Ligand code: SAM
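So this first bit is one chain, no partners, the form predicted alone, shown in C-alpha cells.
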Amino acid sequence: MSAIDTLPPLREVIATHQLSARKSLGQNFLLDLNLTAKIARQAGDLTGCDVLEIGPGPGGLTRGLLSEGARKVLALEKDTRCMPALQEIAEAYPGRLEVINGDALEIDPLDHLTPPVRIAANLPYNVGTELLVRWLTPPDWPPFWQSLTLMFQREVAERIVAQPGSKAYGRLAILSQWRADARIALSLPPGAFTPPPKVSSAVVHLTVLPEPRFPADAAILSRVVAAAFNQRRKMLRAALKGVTPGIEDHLIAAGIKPTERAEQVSLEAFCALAREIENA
C-alpha cells in the first residue's frame, strides 16, 4: 500500500488513540488510505474548493481529501476521542483542516466555509439519510454546495438513484433527482470497513442542478410524494384523496391514470401533478 502522506497508517493511529468504532455513533472506519483517496477523487477537482466532511473518525477520508488538493476541509466530529488524531492531520496540512467537535445535525457550517463548497463524507449510518434530506431541501435553491459525495448503505444508495417501476423507487429518489444528478460512483464490500458492517456500502455522487429538473412548488411536491408513497400499495386516487379535493381530476389533468400506484409515476408526472394542485 503506497502512502498518501507522511502520517502513520490508520491502524497505527487507531491503536495509538484507542479508537475502537462505536455502534452508538454509527461508526465503521475505512482503513485503506488508497481507498479513501479514491473516494475523494469521486468528488472531482478539489483544488479551488472548501470541503465539508461529516464524521471523519480517525481521518482516513480527511487525509484523502487533503492529499487530493482540497483548499480547506471542515470536519465535524461528534466523538471527542477522535480529536487528537484529527489534530495531527491538521498539523501535517497547516491551515487547511478545521475540526469542530459537535453534532452535524446541530451545527451550521456556513460561517466556516468559503464557496465553492463540496460535501464529502463516509456518513454515520444513523444520520446519513436525514443529512441528505436536509441538504436537498434548503429554503432557497441553488444550495450552498456544488456536489455531494457520500457513503451510504447500498440499499440507501439504490433508493437515491432508483427509477420508476422498481421497489427502491420512492420519496428519496424523487427528492434527489428533482434537484440533482445522482449516480452510484463506487461499491464497497463489508470487509473494507473496521468493524465490517452487516451490509454492503456504496458511494453516491450528486451534482447540483441550477434549477429543479421540472417546475413545481417544493412544499406541494413534498406533500404529494409523501402521501403517495406512504400508501404505495394503494391506487393514487385513494392514496392522495386527503391531499386536495377532486384529486381524480387533477391526476387526469397531469396525465396520470388515477388507478396507477406511486412507484409507476415518473418524477416529471409528480411535478405536473404538483402544478395542477397549485393552480387549483
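Numbering starts at 1 and runs along the sequence shown. Just so it is clear, the model here is predicted, and its values are computed rather than measured.
FYI, the form predicted together with the named molecule isn't displayed, but the following is about it.
Interface residue among 157, 123, 132, 89 relative to the named molecule in the predicted complex, by the heavy atom within 4.5 Å criterion: 123.
In summary, among the residues 49, 30, 66, 240, the only one with a non-hydrogen atom within 4.5 Å of the named molecule in the predicted complex is 30. Taking the partner from the other structure, the named molecule in the predicted complex has a heavy atom within 4.5 Å of a heavy atom of residue 54. Although the partner is absent from this view, residue 102 contacts the named molecule in the predicted complex, with a non-hydrogen atom inside 4.5 angstroms. At a distance threshold of 4.5 angstroms between non-hydrogen atoms, residue 179 is out of contact with the named molecule in the predicted complex. When contacts are judged by a 4.5 Å heavy atom cut-off, residue 78 counts as touching the named molecule in the predicted complex.
Heavy atoms within 4.5 Å of the named molecule in the predicted complex are found in one stretch of 124-132, 139-147, 163-171, 179-187, which is 124-132.
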